[in-house]
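Below sits a lone chain in C-alpha cells, taken as the form predicted alone.
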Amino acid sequence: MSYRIVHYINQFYAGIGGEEKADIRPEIREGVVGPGMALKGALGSEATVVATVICGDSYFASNMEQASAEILEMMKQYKPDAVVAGPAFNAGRYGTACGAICEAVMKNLGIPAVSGMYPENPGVEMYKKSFYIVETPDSAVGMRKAIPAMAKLVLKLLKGETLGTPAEEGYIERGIRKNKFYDKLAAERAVDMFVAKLQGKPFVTEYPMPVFDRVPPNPAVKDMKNATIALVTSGGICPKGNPDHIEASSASKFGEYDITDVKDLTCDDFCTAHGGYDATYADQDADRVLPVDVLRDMEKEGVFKKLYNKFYSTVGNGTAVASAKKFGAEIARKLIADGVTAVILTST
C-alpha cells in the first residue's frame, strides 16, 4: 500500500518569487513541487506526494481563516492519508502558516500532519501541542537533514507505530506528560544522576526545565519633567524603502534613524520591514507601532523634557535570542552615552 501525501509550501519554495509574490492566493498542483522532490525520495515506495498546495506567506497571514478553509477544500480533492508542511526552518510567517494548516488538518480531516521548524520559529510555540514538529536547523541549508526526519515521522504515524521520546524521534517537545514505569524509584534515579554529575559523566535529566533570563527592572524615573525619553522597537519600523535592508525574519541587524523635527511617522516616509504580522496598518501609520505623534504631544505638554532625536528598530520575528541580546546591549550603550533617561520599547 502506498500512502497519499499532500505537501504544503509557500511561494518562495514553489519557485514563484519572494516578498513581491507573498500575496498570492492558495493554489494546488498535482505531484511534487520544489522540496517535494526531496520528500518524495525520502518517502520511497511507502508513500506518494499526490499534490502540492502553495500559498503566499502574506496572503495567509492576512486571511488565515479563509486561506485555511480554501486549502482544506483543495486537499480533500486528493483524499490524502497525511499532510506534510514545509519545512519552514526559522521563517516566522511560513512557520505560522504551516502550523495553522497542520492544526486544521488534524481537527477537520482527522489525519496525521507533520511539519519541520527551527525551535525559535514562532510557529513552534503556537502549535507544538497540536501536532508533531520536527526540529530543523535555522535555514534551508538543513534541508537534507529535515526532509528525511519529517518523512520518517509521518510514516510512523501513518502506520500507527509507537513513537519514542522527542530526542529519539527528532521532534520538538510538545509539553505533554506521559506516565512511564521504571525499575528504579525516582529517588534512586535522582541519586544516580547526581553521582554521574559529580563524576563528570554524561547523564540526561528526565524533566528538563526551561531557562529564562531574569532581568531586574530599573528603578522608576524620579524626575520625568527633566527626562529624555527614547523609542526602540522590534516592530520593524524604518524609513520608506527599508534603507538598511533589515530582514523580514531572522534579523541580522538593527537600524538607527533620525527623527529630529519629525512629529508624525507618515506613510509617505515610514513603513515596516517586519514579516511576522499583517503590515497593512503599520504601513498606513507607523505611529501605531512607534508612537512618535503621541510622544511629541506629551513633550509639548511638558510631561517629559525631550524625545530623543533617534529611534532604533529591528525585527523580532524569528530573530535568534543571541542576536537580540547583542542588539539590545549595543543600543543601550549608545543611549546611555547620549544621556537618555528611559526607553519605551514597543513590539507589534
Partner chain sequence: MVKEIERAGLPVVHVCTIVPISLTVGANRIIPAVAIPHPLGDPSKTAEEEKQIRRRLVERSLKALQTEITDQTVFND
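Positions refer to the first chain, counted from 1. For clarity, a rigid core is taken as the largest C-alpha set superposing within 1.5 Å between two forms. This one's a predicted model, so the numbers in the text were calculated from it and none came from an experiment.
Below, we turn to the form predicted in complex with the partner chain, even though it does not appear here.
Taking the shortest heavy atom distance, is T260 within 4.5 Å of the partner chain in the predicted bound form?
T260 lies outside the contact set for the partner chain.
Mark A69 yes when one of its heavy atoms lies within 4.5 Å of a heavy atom of the partner chain in the predicted bound form, and no otherwise.
A69: no, not in contact with the partner chain in the predicted bound form.
Under a 4.5 Å heavy atom criterion, is T96 part of the interface with the partner chain in the predicted bound form?
Judged by the heavy-atom cut-off of 4.5 Å, T96 is well away from the partner chain in the predicted bound form.
Would M224 count as a contact of the partner chain in the predicted bound form, using a 4.5 angstroms cut-off between non-hydrogen atoms?
Contact check for M224: yes, within 4.5 Å of the partner chain in the predicted bound form.
With the partner chain left out of view, choose which of Y127, Y277, Y118, F270 has a non-hydrogen atom within 4.5 angstroms of it in the predicted bound form.
By the 4.5 Å heavy-atom cutoff, the listed residue in contact is Y277.
Select from the listed residues V289, L307, A51, A47 the one whose heavy atoms reach within 4.5 Å of the partner chain in the predicted bound form.
Of V289, L307, A51, A47, the residue with a heavy atom within 4.5 Å of the partner chain in the predicted bound form is V289.
I need the one stretch from 60-68, 39-47, 25-33, 292-300 whose residues put non-hydrogen atoms within 4.5 angstroms of the partner chain in the predicted bound form.
Looking at the other structure, the answer is 292-300.
Heavy atom within 4.5 Å of the partner chain in the predicted bound form: which residues of 219-237 qualify?
Going through 219-237 in order - heavy atoms within 4.5 Å of the partner chain in the predicted bound form - the hits are P219, A220, V221, K222, M224, I229, V232, T233, S234.
Aligned on the rigid core, do the two forms place the Cα of V33 2 Å or more apart, comparing between the shown form and the other one?
No, shifts by less than 2 Å.
Can a Cα shift of no less than 2 Å be assigned to M150 between the shown form and the other one, given superposition on the rigid core?
Superposed on the core, M150 moves its C-alpha less than 2 Å between the shown form and the other one.
Does D293 shift between the shown form and the other one by 2 angstroms or more at the C-alpha, the core having been superposed?
Superposed on the core, D293 moves its C-alpha 2 Å or more between the shown form and the other one.
Relative to the form shown here, do the C-alpha atoms of G123 and I331 sit closer together or farther apart in the predicted bound form, given a change of 3 Å or more?
Compared with this form, G123 and I331 lie closer in the predicted bound form.
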